[in-house]
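The data below hold one chain only, encoded as structure tokens and taken in the form predicted on its own.
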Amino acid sequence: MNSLETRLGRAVFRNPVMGASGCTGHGYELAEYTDLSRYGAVSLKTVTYHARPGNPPERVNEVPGGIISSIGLQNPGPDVFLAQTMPKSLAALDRDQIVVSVAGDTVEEYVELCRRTVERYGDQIAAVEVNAACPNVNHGAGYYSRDAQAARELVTAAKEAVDVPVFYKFNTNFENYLEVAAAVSETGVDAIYTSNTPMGLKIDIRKKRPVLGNVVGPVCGSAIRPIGMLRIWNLYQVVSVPLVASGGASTWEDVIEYMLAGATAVGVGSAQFAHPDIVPQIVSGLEEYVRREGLDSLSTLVGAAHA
């Protein structure tokens, strides 16, 4: 038995450590720097209904304990993604590792992207991720993270459109994030993936202006992990579906802590920028942990701190 095996609704992964969308690219870009077979899954960089140039530069800058960024979902659109990008991801990753992330401005755009993806690659992917989390776009994504009824309708439509597992990724920056998550949980979505990146600002004192071309952007890195931990702790108490945590995870201890707070799986994002081989190291640490603790499965830890 694989003691790290992780179930998110109908989807089963080899371990609970996932490469977060955006930070992990499309997986294949990291192939020469790390052992991709050690990833539980990779959420591919989000594809949108229309090609997007992204936000103006500068887009990434260091801050204490992490980075501040403003990418804006840059991508070439679905035609290029399906014809040129997906074959590269399929060559680098196994089908049980691939989560395709989609985003749009309307329910219809999300649904169309889900359908096109599954029609072409449904038997070669593990799940579809409905990305409602990006705070750096003017339309669509933020709306489906802050309006409970809209989020429910979006996920319901996506689930009805495809026969593969569906994950809902949303932004917890809004005060009503628990209400939104509870509404989505009622749809029977396979998992809720949290984006726990608070918005921030950094100013270049020499140029006397913000460092980011978009002025503000989400903060990522170890400094925000306690925020992500609290979000998962609260969400675990109101939802009935598996949770995927994110925010500052860079060690196996971070993964265990997130699981104790209520996460079933954990996304690793910006830590890969500094240490491209970080995920295999985390997985090795988890393997040693379960041996040392005599655990049959890591799943027994999920939410255990609430007891």
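One-based numbering along the sequence shown. Worth saying up front: this structure is predicted, and the values here are computed from it rather than measured.
In what follows, reference is made to the form predicted in complex with a small molecule, a form of this protein that is not presented.
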property	result
Residues 173, 233 and 264 all lining the small molecule in the predicted bound form, heavy atom within 4.5 Å	no
Contacting member of 67, 36, 260, 278, with respect to the small molecule in the predicted bound form [4.5 Å, heavy atom]	67
Residue contact check: residue 270 to the small molecule in the predicted bound form, 4.5 Å heavy atom	yes
Proximity of residue 17 to the small molecule in the predicted bound form, heavy atoms at 4.5 Å	no
Residue contact check: residue 40 to the small molecule in the predicted bound form, 4.5 Å heavy atom	no
Partner proximity in the predicted bound form: residue 255 to the small molecule, non-hydrogen atom cutoff 4.5 Å	no
The small molecule in the predicted bound form: contacting segment from 49 to 57, 234 to 242, 27 to 35, 270 to 278, heavy atom within 4.5 Å	270 to 278
